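First, one chain by itself: the form predicted alone, in structure tokens.
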């Protein structure tokens, strides 16, 4: 049994009420969706669980792009037709690799983004899909992933209410690669890439690496180097090598920094080659 110091269970009826409780109690209260983090990463200061599952934030909607409520579980996303149809089914491809089926039944998309630990296959994917987060901290706002995590680093913890994914054009594709010992293991490294192509050259480029072992981030210099280039073999190998040199890799008990750089080169190369296949070649 996992020890926990949580003594109070609060089920707010609105986002505003949930935020007020969290703001009033500070570190003494923890928002929960599926509750995995509340059990695994409970600290003595946290004595109240604020259950967000009654706030009507579990949904997947086709609104041109996708709108996904923060308390939507991975299984609910996997079973939603709009998610299955989105950008060649990339959400389904990735989420089917996350954790175990039982964990996917309770883990929520908002909980993944709000979690304190850096290991996530979902965050690199959402980065390259251009996700925007709807937030509430006394007032509603909408931020990019980078803006949200910058606020989180500064100590701010706004409530996530929705994840929005923009619609993409026909000449667009996305690919994901992870490296782990088994399907249920935390990945040693993962990478995701998104490209749109116009007149045979890369137009919109987003590349993200996670598990370095820091929280995933986008490789802006690498994206800029690929933008406007043809996606041929030489370009792919050049960009993959640049990505390996760019990441802030470190050693931990699962892998060395050097090994993670090698995996980055391989992973980015695979992602870009898969994108070429999905687009039927780039001419």
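This is a predicted model, so every value here is computed, not measured. Positions refer to the first chain, counted from 1.
Below: the form predicted together with a small molecule, not depicted.
Comparing 153-161, 82-90, 166-174, 201-209 against the small molecule in the predicted complex, the single stretch with non-hydrogen atoms within 4.5 angstroms of it is 153-161.
Contact annotation for the candidate site: 33, 107 and 119 all lie close to the small molecule in the predicted complex (heavy atom within 4.5 Å). Between the options 133, 188, 197, 99, the residue in contact with the small molecule in the predicted complex by a heavy atom within 4.5 angstroms is 99. Out of the listed residues 226, 219, 216, 52, 52 is the one that sits within 4.5 Å of the small molecule in the predicted complex by at least one heavy atom. In the predicted complex, none of the heavy atoms of residue 68 sits within 4.5 Å of a heavy atom of the small molecule. For residue 103, a non-hydrogen atom is located within 4.5 Å of the small molecule in the predicted complex, even though that partner is not displayed. The small molecule is not drawn, but in the predicted complex it has a heavy atom within 4.5 Å of residue 74.
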